[in-house]
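The form predicted alone is given below as one chain in structure tokens.
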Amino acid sequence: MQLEIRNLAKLYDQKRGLTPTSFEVTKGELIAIVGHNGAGKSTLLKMLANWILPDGGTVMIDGINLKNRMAVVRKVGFIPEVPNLFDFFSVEYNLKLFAALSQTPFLRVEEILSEFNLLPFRKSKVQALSKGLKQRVSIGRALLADPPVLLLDEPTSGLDFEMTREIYRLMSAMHGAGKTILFTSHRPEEIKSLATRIMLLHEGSLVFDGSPQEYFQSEIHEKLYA
């Protein structure tokens, strides 16, 4: 198993962000994590990305404990819903800064700029970019260290049709290249078109884990999203 999650839990002011949750992920899966706002989707991804610390449980990624932050930074790429970039610095500086932090050669920055069609914007300050371009920079930054696991939190939130389609293309390409991907979504169409597996969170608990076909035909989907 590439990811092994055992009894992972998070408590917010006596309210469960995530109840003790266990599951496994095999290499190459593309998993949609769905549920209403406040269900625990972002909390789960942020714990897997080491952005927030769990109150209990363990996460192993390729046999490495999540607590080993320096090792995990090369194993997991996280793209938050709101791009976590330095707005007053250039696209190139943002990428080089993360490359330095992850001990990635700067040559990789040039590859990302080219691969994501960011060369015309390399000297542009992030604050001057559209949301779609910021998302592209955010995805490119997450891929700098070529991590095998990618986590995307609402990757198409607030994007127009053309940019949404571009994000779908990028996700499909990354999956085709062998990446393991977990993403949160509220959009049935992207869940249907992208996911190989669906996990449903409800009030902090994992209440469904199965194939897209099983999910969309399930009674629990009908009850929650009718």
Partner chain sequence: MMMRNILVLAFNDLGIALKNKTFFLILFIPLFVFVSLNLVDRADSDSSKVKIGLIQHDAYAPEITRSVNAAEKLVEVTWVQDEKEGVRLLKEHKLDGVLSGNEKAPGSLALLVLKKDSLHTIAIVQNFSALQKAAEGSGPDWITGIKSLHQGGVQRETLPTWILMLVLLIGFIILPAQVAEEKEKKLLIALLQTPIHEVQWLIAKLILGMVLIITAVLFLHLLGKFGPVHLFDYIAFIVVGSYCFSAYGIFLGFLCRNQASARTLGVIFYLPHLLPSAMSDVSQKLTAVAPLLPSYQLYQPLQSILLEDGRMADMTFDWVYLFLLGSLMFYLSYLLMKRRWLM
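What you see is a predicted model, and the numbers here were worked out from it, not measured in a lab. Numbering follows the first chain given and starts at 1.
Just so you know, the form predicted in complex with its partner chain exists too; it's not on screen, but the next bit is about it.
Scanning I139, V109, L85, L150 against its partner chain in the model of the complex with a 4.5 Å heavy atom cut-off leaves one residue, L85. At a distance threshold of 4.5 angstroms between non-hydrogen atoms, N117 is out of contact with its partner chain in the model of the complex.
Using a 4.5 Å cutoff between non-hydrogen atoms, R74 counts as a contact of its partner chain in the model of the complex. In the model of the complex, no heavy atom of S90 sits within 4.5 Å of its partner chain.
When contacts are judged by a 4.5 Å heavy atom cut-off, S124 does not count as touching its partner chain in the model of the complex. Stretch 66-74 is the contacting one of 168-176, 66-74, 187-195, 34-42, since its residues have non-hydrogen atoms within 4.5 Å of its partner chain in the model of the complex.
Residues of 31-68 placing a heavy atom within 4.5 Å of its partner chain in the model of the complex, in sequence order: A49, N50, W51, L53.
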